[in-house]
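Here's a solo chain for you in structure tokens, the form predicted on its own.
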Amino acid sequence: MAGSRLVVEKLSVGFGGLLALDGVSMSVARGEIVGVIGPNGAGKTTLFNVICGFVRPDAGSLTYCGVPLWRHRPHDLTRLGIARTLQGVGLCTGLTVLENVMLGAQPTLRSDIGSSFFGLWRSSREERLVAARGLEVLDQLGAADYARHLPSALPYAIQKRTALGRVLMAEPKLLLLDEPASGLSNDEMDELATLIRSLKDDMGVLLVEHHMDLVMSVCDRLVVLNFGQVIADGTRESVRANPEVATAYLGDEVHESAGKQGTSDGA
């Protein structure tokens, strides 16, 4: 894991008597798409919240680009080169699609308040550059035709792309995608898969998703959580063949089915 951009080692988080994460270790390298999967309550969202600085771990360490993250906060993420999407879209309904995307560049703006307030050349020039960059991002996401529309009047899939475009404006090196396929149709998920795969040339991607078709089509590696512990970490093929993973998702039904099959074969 020495060459990884993000390294999580023996991370533990407890809430009262509940151990949400129990010695979790994993990594994400630049140019790699890693999926975090597991049943409901496995600890996936808690892991994301620790990485983003919303939750402080009780034990373990978190390192990004070789630098330990001890006291980082969510507002530090852009400076660190990390961006995260939300399960919802979280768009500003009174702004156009382009204006929503432009908001993602705010932490990188250099013009001062005075220039912005009085509309001086420095601020105006920077705004033009950000708008041009926003249109490029929307074009990359296949949503440039909707740049001047209000997001509330658009299909949910376009709203999702707008939210993704907003975080891409910060030019992250690590992108955290939190259930990006929720609410999308099968065709829209296929388009999303193509978009996610196109991002790996510029960044590492950590994906939490329940739609296994999407996970299996885009991820280079999978980390499986169950009751806060990593029960598998490997390629899609190795995880798919792991009986412990099947048991975590299907419970005792796997063993019962196997037992019945064995009895039938013996008969």
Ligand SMILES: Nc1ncnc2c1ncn2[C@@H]1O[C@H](COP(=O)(O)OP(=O)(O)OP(=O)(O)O)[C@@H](O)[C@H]1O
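Numbering starts at 1 and follows the sequence shown. Bear in mind the structure is a predicted one, so any value in this text is a computation, not a measurement.
One more form of this protein should be noted, the form predicted together with the named molecule, which is absent from this view; the next part is about it.
When the named molecule is considered in the predicted bound form, Gly43 lines it closely, a heavy atom lying within 4.5 Å. In the predicted bound form, the named molecule lies farther than 4.5 Å from every heavy atom of Gly234. Taking the partner from elsewhere, His210 is found to have a heavy atom lying within 4.5 Å of the named molecule in the predicted bound form. Residue contact with the named molecule in the predicted bound form: Pro39 places a heavy atom within 4.5 Å of it. In short, of 195-203, 26-34, 44-52, 213-221 it is 44-52 that has heavy atoms within 4.5 Å of the named molecule in the predicted bound form. Contact annotation for 17-39: residues with any non-hydrogen atom within 4.5 angstroms of the named molecule in the predicted bound form are Leu18, Ala20, Pro39, listed in sequence order.
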